[in-house]
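What follows is a single chain, given as structure tokens, in the form predicted on its own.
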Amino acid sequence: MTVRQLSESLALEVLSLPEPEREVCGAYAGDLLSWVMGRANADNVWVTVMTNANTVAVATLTDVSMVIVTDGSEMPPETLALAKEKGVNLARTKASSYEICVRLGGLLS
């Protein structure tokens, strides 16, 4: 499944989509950035409530295919600009992390 297909299937609000055809191979949920750095895999979708610039840095380091920000968390303009500059696929939803993970599990299995 591609990032674009996933975004459409989950009705996500797309904030940055420089690589819409990037493949999604799994998911990781977490909000502790150092924990995510050591556990998220390349091509995972990362589900989080974190919205600061360090989120973009971790997404880049781990090479995740997309970051989904949950619970309607507001994205600061500087973080959004950085995501676009670094080529990070980024989307938002009002759904909780739990709800998105359940739906992801159904789509990716």
Partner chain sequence: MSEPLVFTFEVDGENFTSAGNASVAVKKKLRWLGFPPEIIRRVSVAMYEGEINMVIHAGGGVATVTVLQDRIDIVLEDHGPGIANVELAMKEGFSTATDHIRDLGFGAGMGLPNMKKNTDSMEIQTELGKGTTIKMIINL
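None of the values given here were measured: they were computed from a predicted structure. Residue numbers count along the first chain shown, from 1.
There is also a form predicted in complex with the partner chain; it is not shown, and the following applies to it.
*Asks:* Is the gap between D71 and the partner chain in the predicted complex 4.5 Å or less for some heavy atom pair?
*Replies:* Answer no; every heavy atom of D71 is more than 4.5 Å from the partner chain in the predicted complex.
*Asks:* Taking the partner chain as it sits in the predicted complex, is M50 in contact with it (heavy atom to heavy atom, 4.5 Å or less)?
*Replies:* M50: yes, in contact with the partner chain in the predicted complex.
*Asks:* Any chance V58 has a heavy atom within 4.5 Å of the partner chain in the predicted complex?
*Replies:* Yes - in the predicted complex, heavy atoms of V58 and the partner chain come within 4.5 Å of each other.
*Asks:* Look up in the predicted complex whether P77 has a non-hydrogen atom within 4.5 angstroms of the partner chain, and give yes or no.
*Replies:* Although the partner chain is absent here, P77 would stay clear of it in the predicted complex, with no heavy atoms inside 4.5 Å.
*Asks:* So which bits of 19-37 sit within 4.5 Å of the partner chain in the predicted complex, heavy atoms only?
*Replies:* Result: D31, L32, L33, S34, W35, M37.
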